[in-house]
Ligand SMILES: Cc1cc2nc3c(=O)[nH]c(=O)nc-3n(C[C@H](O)[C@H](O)[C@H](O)COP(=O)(O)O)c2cc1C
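The chain below stands alone and is given in structure tokens; this is the form predicted alone.
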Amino acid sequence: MEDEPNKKKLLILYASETGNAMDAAERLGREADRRCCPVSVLCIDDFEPKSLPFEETVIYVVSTTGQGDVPDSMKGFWRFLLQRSLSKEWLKGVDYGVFGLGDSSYQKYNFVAKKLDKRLLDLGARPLIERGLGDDQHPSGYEGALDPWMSKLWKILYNKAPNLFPNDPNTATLNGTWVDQPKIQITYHDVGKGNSQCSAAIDFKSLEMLIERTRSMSPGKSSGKMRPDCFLNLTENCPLTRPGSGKDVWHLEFEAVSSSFSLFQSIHYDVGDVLEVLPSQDPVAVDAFMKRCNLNPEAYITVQPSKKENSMGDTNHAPDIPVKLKTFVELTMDIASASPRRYFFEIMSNFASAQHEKERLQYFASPEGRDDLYQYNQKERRTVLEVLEDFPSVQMPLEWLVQLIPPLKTRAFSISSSNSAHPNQVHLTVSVVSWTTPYKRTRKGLCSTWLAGLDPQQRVLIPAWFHKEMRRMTSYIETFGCPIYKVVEYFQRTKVEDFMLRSQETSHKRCMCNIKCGNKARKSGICLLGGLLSTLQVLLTKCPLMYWQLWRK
């Protein structure tokens, strides 16, 4: 819908960690638009919190991560709301609604939504609707709570602000702008122009710029910087568990490399920092996707917001420098590990030429087919490539594929090494993620499986970013006032081997920790000397599988 000057709009703010909250917020936005309700959907860190008192109606869609933590994109917004200088009437006259996404198997279920709701009340805002809580444990996932909550929201909004709804809110008039027109436009370029920008013999600096440029084009929201801090090369990997132990854990050592591959690039990190790496996708899966979608891997493209999105103020897009289509898919589109969203099936139904496939896709996208879609898609963790292969008559335009396929995200790992003891190196302790679906299909994590399978002799360049770890973690140990940073080790040994401890850095003071064995917790002592773990006296070491965990307070 075209914006009108000074016309009030429904504002939807979301804070997402995995993309579920963003997906729910965008669905709310689509449903509002289909009811001809003027709406604006924004990531919460793209909104200036000082402007909240000037809004009339705000809907918040927020997820809870970890042990009741706010998503990274919400940290600045939340700190602002907690300021003591804000009065109890600061948000007087502002109507709001909160929908949370969480997992009831966790103790602090939907904790972020609950405390946001309470804080908004404390600041004088008026609740439009009772807080909605989506639960991953529901047979339909979070949508089991979102659908009835959303229906109730439209009725309440219509009664309170009928000017927002020209038509009956119970009738969604298919506007066409959301369904028929993607939000992005793709321009193809001749090979000569592409080659002039990206030479075949790419160097280190060019690779940095290529990754930054390509990921900047992606419509997927990202709160971090695009250009890698450095590139890492694997120098050593060794298993910490024996086959059949129930865990597959690896000790990985990396070094920072520069364009010459012989000089080190200086890297710096502190105890407790986090390393993010961009995983590489299976080349076989990438080729299969390109073939399934009839895409030319050698084509050069640029991706930009559509004219409508630009007219709505979305002018932050990448420079008009083309990249190879296959490179764009490899670096930005998670085709072989992430599951598509519900809207993906709705759009697929518009491009299905086989009637039985069209009907099935329409059923999946309908409220009646919600539970079956959840069982087929989310529960089985079907990938985009698998879904496309299940519906062979569907031929989606590249614009829709780029917009709807989940973005390829970096994966974060706690660093398990000391920068002072191992300069220009970073060590990780990685547990390979693996699980079995309800239909007995084995699934493995994209990044952990890829890292564990790397060969140090291949010298694979790994894009990496360093971040400060700011979250408070549950404390399982008595630290006597000394902060201890997260160190996770899995091992299956009759005794503790020194190589497992050589890279840890905590404190020079003595503390106590727990050795977890099954459902039991056994105490042991740790002697910390010179900033490194030098001695670990295990009191009960006869257990074949031990899980050693240190958390900072």
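So that the term is clear: the rigid core is the largest set of C-alpha atoms that superpose within 1.5 Å between two forms. Keep in mind that what you see is a predicted model, and the values were worked out from it rather than measured. Start at 1 and count along the sequence shown; that's the residue number.
The protein also exists as the form predicted together with this ligand; that form is not presented, and the subsequent description refers to it.
At a distance of at most 4.5 angstroms from this ligand in the predicted bound form, none of the three residues 339, 376 and 442 contributes a non-hydrogen atom. For residue 282, no non-hydrogen atom is located within 4.5 Å of this ligand in the predicted bound form, even though that partner is not displayed. Not displayed here, this ligand is approached by residue 67 to within 4.5 Å at the level of heavy atoms in the predicted bound form. In the predicted bound form, residue 357 stays away from this ligand, with no heavy atom inside 4.5 Å.
Mapping the unseen interface onto this chain, residue 13 falls outside it, with no heavy atom inside 4.5 Å of this ligand in the predicted bound form.
Stretch 95-103 is the answer when you ask which of 285-293, 95-103, 396-404, 158-166 has residues with heavy atoms within 4.5 Å of this ligand in the predicted bound form. Only one of 343, 109, 351, 466 comes within 4.5 Å of this ligand in the predicted bound form through a heavy atom, and that residue is 109. The Cα position of residue 69 differs by 2 Å or more between this form and the one not shown after fitting on the rigid core.
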